[in-house]
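Next up: just one chain, as C-alpha cells, the form predicted on its own.
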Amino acid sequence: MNGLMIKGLLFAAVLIGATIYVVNSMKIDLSDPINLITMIGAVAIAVLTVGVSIKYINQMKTDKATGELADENWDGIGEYKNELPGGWAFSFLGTMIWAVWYFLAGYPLNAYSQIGEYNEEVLAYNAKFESVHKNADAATLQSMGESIFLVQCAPCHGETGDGLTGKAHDFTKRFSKEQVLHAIVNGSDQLKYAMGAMPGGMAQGADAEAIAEYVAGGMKGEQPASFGVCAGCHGADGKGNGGTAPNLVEYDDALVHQVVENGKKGSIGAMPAFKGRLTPVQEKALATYLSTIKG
C-alpha cells in the first residue's frame, strides 16, 4: 500500500469521524429515515471522493494520452475520441438509479414533514378563527378588514384605496366610466358568477356611453332605458340579483369573494387570484371595510 493510499484512507476516516462527531454532538435522531439516509449519503460521499481521487491521481502518474484525435482543435489543443472511463460512467448511472429510487421509494412520503405540520397548524388556526369571529359585529369586521386591506391590497391599491393614480382600481370611485365601457365592449368571464360570462357588445355607441355614465355615477338619477339590457343579470337595482351576478352598487360579500377567488381583468390590467389566502370571515371583513372607503 503506497503513501497516497494511506493518506487517502486517513483523510476518509477523518471525514467520517467528523461527521459522526457532529451527529452525536447535535443529538441527531438516526431512527428518523431522513436523518439516516443523510448520514449514509455523507459517509458514501467521503469514501467515493477519496477513492476516486486516489485512483485518478495514481493514473495520472503513469498513464499516457493515447487514442485517435478528433478533427477539431482549439489553438492546437485537441481531444481524443476515447470512451468515457468506466468509473465515471458507472458512477453517473448509479447516481441516476439512486435518484429515481430516492424519489419514488427512498423518501418517506408519509413521514413527518415540517411543511405538512405548518399547513395543519394553519388549517387548525383558521378553523378556530372562523369559530371565534363567525358572529363578529360591523365594527370588528371593519377593523379586521382594514388590517387585511393594508397588508394584502394596499401595495397595489394604495393605503387609502385610491389606486395609486390609475395604477390599480380606485375604491374611492367604485367604477370609472372607462372601466364600465371596457366591460360593456369586451365582456367579462373571469369572475365565475352563477349567471355565467358577460358577452361583449351588450350595448354600443350612445347607449353604452349612457350606461357607463349611469353606473360610474353611482346609479343615481334617471336610469337610461338602455340599462334594461344590464338589468336582466344585474337586476333593476344593479345589486346582482342576490349574488348571481356582480353587484354594481356596493362591494358586497359575493363580489369580494369572486374577485379574490378568481382574480380580475379590466381596462387597467390584471389582478391575480388570491385563492385560499383569506377565510370566509376575512373576505366578509374586507368587503365591510371596502364599503366604507369614500372619495
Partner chain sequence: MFHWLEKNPFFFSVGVFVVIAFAGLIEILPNFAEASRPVVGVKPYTVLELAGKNVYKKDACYECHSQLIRPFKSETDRYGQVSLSGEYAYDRPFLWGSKRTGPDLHRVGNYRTTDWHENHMWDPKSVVPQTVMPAYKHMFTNLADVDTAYAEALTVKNVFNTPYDAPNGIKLGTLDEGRAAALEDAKAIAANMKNKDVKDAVARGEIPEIVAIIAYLNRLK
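Basically, rigid core = biggest C-alpha set you can superpose within 1.5 Å across the two forms. The shown structure was predicted, so the numbers you read here are calculated from the model rather than taken from an experiment. Numbering follows the first chain given and starts at 1.
This next part talks about the form predicted in complex with its partner chain, which is not shown.
Q: Kindly confirm or deny that 83, 95 and 147 each have some heavy atom within 4.5 angstroms of its partner chain in the model of the complex.
A: The answer is no: none of the three residues contacts the partner (heavy atom, 4.5 Å cut-off).
Q) Just one of 206-214, 114-122, 221-229, 87-95 has heavy atoms within 4.5 Å of its partner chain in the model of the complex; which? A) In the other structure, the partner sits against 114-122.
Q) With a 4.5 Å heavy atom cut-off, would you call residue 134 a contact of its partner chain in the model of the complex? A) Although its partner chain is absent here, residue 134 would stay clear of it in the model of the complex, with no heavy atoms inside 4.5 Å.
Q: Evaluate residue 257 for contact with its partner chain in the model of the complex, applying a 4.5 angstroms cut-off between non-hydrogen atoms, and reply yes or no.
A: Result no; residue 257 lies far from its partner chain in the model of the complex.
Q) Wondering, does residue 156 line up within 4.5 Å of its partner chain in the model of the complex on heavy atoms? A) Because a heavy atom of residue 156 falls inside 4.5 Å of its partner chain in the model of the complex, the answer is yes.
Q) If you check in the model of the complex, is residue 270 within 4.5 Å of its partner chain, heavy atoms only? A) Residue 270 belongs to the contact set for its partner chain.
Q | Answer option from 151, 100, 194, 138, heavy atom within 4.5 Å of its partner chain in the model of the complex | A | Checking each option against its partner chain in the model of the complex, the one that comes within 4.5 Å is 151.
(Q) Using a rigid core superposition, assess whether residue 119 undergoes a CA shift of 2 Å or more between this form and the one not shown. (A) After core superposition, the C-alpha of residue 119 moves 2 Å or more between this form and the one not shown.
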